[in-house]
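One chain comes next, on its own, written out as structure tokens in the form predicted on its own.
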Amino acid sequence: MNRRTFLKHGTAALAAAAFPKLARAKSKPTIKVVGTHVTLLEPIRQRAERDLGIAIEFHPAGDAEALLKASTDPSSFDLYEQWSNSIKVLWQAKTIQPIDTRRLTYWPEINNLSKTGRISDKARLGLGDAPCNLLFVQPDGTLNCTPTEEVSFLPYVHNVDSFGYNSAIVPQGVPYATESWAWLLDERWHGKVAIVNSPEIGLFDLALAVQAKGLMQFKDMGNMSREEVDALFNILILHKRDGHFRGVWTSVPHSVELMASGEVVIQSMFSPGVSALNGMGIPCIYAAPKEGYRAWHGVMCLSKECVGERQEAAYAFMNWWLSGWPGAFIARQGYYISNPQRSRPFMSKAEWDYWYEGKPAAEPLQGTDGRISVEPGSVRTGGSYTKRFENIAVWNTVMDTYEYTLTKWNEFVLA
């Protein structure tokens, strides 16, 4: 089989071989996938339906809305896609079931970042909920890093996040040297700052900013005490009432709109938003803060009510995600996949070198929307996949004080 034939038919053939029941089914099973706009993209849904021969419904929402739905109504989804910080909530709510790694075709290919929390020996583990701490299901039903044959989620998409800034207005910094989370509280950008509206994400962006600015220190930022949460929000609410923050955003399109309109010049951002702005000709830089990144790991969870033919289809969809093409597709919006070598044949050399190796772009590169998002000679801020994940400050985390932070976060948003 030549490369072109493989790219055209490979995933479909793999799905048919791995899931003969689906291939022989007289009617298409339908699975419902609840998650966010980050991964529930229409080209992905269409390609998966074509490759797998199943019907797939995507139900994207804001992260808080999606998590509420999944944690209260397991009948509303077959698969749930979001970030690892949602696992504690879903596992405690008992709305998801363990996933059998023996049914995951590419499980042996998943790299150490997902299974141990470190991409290399010299990498920082990062504070908070490193994904391996939430991955393996133990005999007593708890979750930790000790390997077993059952996991709470399929590790797939992941990235490190920071903030984006319009370099036509905010002077461009030096990655890992001068770029700093403190910039979010810089008085020069008063009234032009936005934050992602999520207490388990935006909270850490702001905590990193407050600490980098020297306004307070945390004993353990990944698990703040109630007193530390109070002190943090006292600082943040003062800034909010003073008009420092333009507001909060709830989706990637919303974040793009805020910067494209000129309402903000610096804000919490996700990689697809940065790519979209660059595709629009707006010079948005995705910072590599000297304090380290806030990291996240995508999770795909199986509803406890997903059984029979739907469960078979759900496993097919999970395996499809790691089969090569999907990882190459999401690389074009700046995201990584847990078994990257499987996606490498689906990417051009220029794409692989830019997105994974941190090398200058040898040619114009398109984003997932077909627009040119990377110009020749550009280098990805923060460098290679390995270098970026060696510099993790904190993971998206649901802390012991999570319920309390929800109240404080609402006070901040409404202040």
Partner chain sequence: MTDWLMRTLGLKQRISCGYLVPGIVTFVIALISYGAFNRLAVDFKQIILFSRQSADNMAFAAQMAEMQRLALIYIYEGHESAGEQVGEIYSTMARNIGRSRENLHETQAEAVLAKAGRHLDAYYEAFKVVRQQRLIQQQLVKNEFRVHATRAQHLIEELTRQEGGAKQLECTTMLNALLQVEKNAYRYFDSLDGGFIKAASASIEETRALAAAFGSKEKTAELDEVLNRYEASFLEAVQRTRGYLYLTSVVMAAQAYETIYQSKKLSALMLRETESIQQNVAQHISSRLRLMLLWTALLLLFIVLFSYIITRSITIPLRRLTDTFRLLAAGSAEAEIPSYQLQDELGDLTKAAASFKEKNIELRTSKKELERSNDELEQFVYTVSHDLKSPIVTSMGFIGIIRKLAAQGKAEQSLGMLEKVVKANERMSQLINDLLELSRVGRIDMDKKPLDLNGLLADFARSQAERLKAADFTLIIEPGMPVLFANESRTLQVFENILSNALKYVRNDKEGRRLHISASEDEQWHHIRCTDNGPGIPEEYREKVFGLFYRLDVNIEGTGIGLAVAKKIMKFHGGDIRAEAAPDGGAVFHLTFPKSADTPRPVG
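Positions refer to the first chain, counted from 1. Everything numeric in this text was worked out from a predicted model, so none of it was measured.
Just so you know, the form predicted together with its partner chain exists too; it's not on screen, but the next bit is about it.
Enquirer: Just one stretch in 190 to 198, 120 to 128, 331 to 339, 175 to 183 has heavy atoms within 4.5 Å of its partner chain in the predicted bound form, so which one is it?
Expert: Careful reading of the contacts points to 190 to 198.
Enquirer: Within 4.5 Å of its partner chain in the predicted bound form: all of 89, 403 and 413, by heavy atom?
Expert: Yes, the whole candidate spot contacts its partner chain.
Enquirer: Mark residue 71 yes when one of its heavy atoms lies within 4.5 Å of a heavy atom of its partner chain in the predicted bound form, and no otherwise.
Expert: Judged by the heavy-atom cut-off of 4.5 Å, residue 71 is in contact with its partner chain in the predicted bound form.
Enquirer: Is residue 245 close to its partner chain in the predicted bound form, meaning a heavy atom pair under 4.5 Å apart or at it?
Expert: Answer yes; at least one heavy atom of residue 245 falls within 4.5 Å of its partner chain in the predicted bound form.
Enquirer: Heavy atom to heavy atom, is residue 213 within 4.5 Å of its partner chain in the predicted bound form?
Expert: Result no; residue 213 lies far from its partner chain in the predicted bound form.
Enquirer: Just to confirm, residue 219 within 4.5 Å of its partner chain in the predicted bound form by heavy atoms?
Expert: Close contact is absent here: in the predicted bound form, residue 219 is far from its partner chain, nothing within 4.5 Å, heavy atoms only.
Enquirer: Looking at 166, 250, 116, 105, which is the one with a non-hydrogen atom within 4.5 Å of its partner chain in the predicted bound form?
Expert: Only one listed residue qualifies here, and that residue is 250.
Enquirer: Among the candidate residues 310, 254, 344, 290, which is the single one with a non-hydrogen atom no more than 4.5 Å from its partner chain in the predicted bound form?
Expert: Selected option: 254.
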